[in-house]
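Below you will find one chain, with nothing else, as structure tokens; this is the form predicted on its own, and questions on how it binds or moves follow later.
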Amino acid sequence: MSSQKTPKRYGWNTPVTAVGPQGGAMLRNIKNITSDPLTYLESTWFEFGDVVQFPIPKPATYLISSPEGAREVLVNQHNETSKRTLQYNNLSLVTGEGLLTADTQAWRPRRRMLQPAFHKEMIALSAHHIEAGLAKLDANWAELTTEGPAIIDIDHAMMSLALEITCGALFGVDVDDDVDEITSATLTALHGVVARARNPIALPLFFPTPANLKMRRAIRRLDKAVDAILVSRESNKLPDQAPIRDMLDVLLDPDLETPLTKQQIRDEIATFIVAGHETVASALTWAWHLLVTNPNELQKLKQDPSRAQLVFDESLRMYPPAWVITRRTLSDITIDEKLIPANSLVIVSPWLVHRNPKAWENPNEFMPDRFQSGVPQLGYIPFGAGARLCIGKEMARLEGSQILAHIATHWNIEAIHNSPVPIDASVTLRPTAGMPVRISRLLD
């Protein structure tokens, strides 16, 4: 651990309460920081420890990497923090003020309102949408492999499959004809979010820069998808007093104490189109990467598909889709005995927390059996934690495990090269140039 001395104050009278890198060193590394933030965060954590203060004068900025520190921020002190950060402000340009980005005052009633759509009975109903999506995937892959093994981008396949399941389970619509267009718009919009977050002088979205115009086109495409979902539901209305079928029924319920505005409905649908499929697809893509590079684990899964849940949970540990979580402190708080002043930016990285030996034995090893005794409460935060725990957590785990089990028992999936897969640390973790694999049908 470094014994490097730090100044007592940065500019704007910002107090220094934890060790961290010097400003000159960060400036010299700025290209590496933006191109490979995961490696930079790892090296910073390794050098300075579980609480790091970056040499940023305003706001004071901290990186928290211990399991106890993450729990303190996300669970114990959640009432003393806010989501009004650069990360979520930029994301709200795409999703609006939906459940993911809404700050506490707006979030609480919306969470209570949407909770019925994610009860166990509703999650169980999503199983047939998963089965329908997998049937389409089987048919598509069967056509590709009529003359033998085929090479596909499994990242693209998982994105398409997850989008179809999300739109079917949550909104009751089939987007088969538009799936490529919607996934492309989602990725374009999210890349725009990250580009803006990394650019300290990003112009407001209404300025017609090439990047802004591209992002605005992607948002318009997502809005078009939202409109199509609402039109489809309007033409397939159920009689009054019909049971809730999905999340869209909840959003459109005329008996709500305070019915949602058109904009609020749009924001929630856009939020779940983006977050509901992008995160699951990311987790599945990396699960296949881990399986094809650990063929003995893939073989175990083929022989015992009930292991799929263990594999999916371990994949989420090693490649958490939401690799960084940010909060703004509303008051002074203490994390791992370090003072974090009010109005500070706190960065919790599941990527680092999940690799912390304080929480995990052999943290860099792919070991699905570590979840045999269940999911731990400390040091495992792929879905966040505390009050803001992802509302779709159990649906995502069901979807992920069923997809892995089905594909592993119906298809051979093989790596086509041994090269490391570069990671694009965007809003979620994705392979930089897709993930090509070789597929062939398993003999019955």
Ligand code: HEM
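Each residue number is its position in the shown sequence, starting from 1. These figures come from a predicted structure and were not determined experimentally.
Keep in mind the form predicted together with this ligand is missing from the figure; the text below concerns it.
Using a 4.5 angstroms threshold between heavy atoms, Arg327 counts as touching this ligand in the predicted complex. Of the heavy atoms in Leu63, none are within 4.5 Å of this ligand in the predicted complex. For Leu100, a non-hydrogen atom is located within 4.5 Å of this ligand in the predicted complex, even though that partner is not displayed. Proximity of Trp360 to this ligand in the predicted complex: non-hydrogen atoms within 4.5 Å are absent; the residue sits far from the partner. Annotated contacts: Trp286, Ser315 and Gly434 are all free of this ligand in the predicted complex [non-hydrogen atom within 4.5 angstroms].
Just one of Met26, Ile56, Leu378, Ile391 comes within 4.5 Å of this ligand in the predicted complex, counting any heavy atom, and that one is Ile391. Proximity to this ligand in the predicted complex, taken as a non-hydrogen atom within 4.5 angstroms, holds for one residue of Lys300, Arg216, Lys338, Lys83, which is Lys83. Contact with this ligand, judged by heavy atoms within 4.5 Å in the predicted complex, is confined among 201-209, 143-151, 277-285, 257-265 to 277-285. Residues from 83-121 that approach this ligand in the predicted complex with a non-hydrogen atom closer than or equal to 4.5 Å are Lys83, Tyr88, Leu99, Leu100, Trp107, Arg111, Phe118, in the order they occur in the chain.
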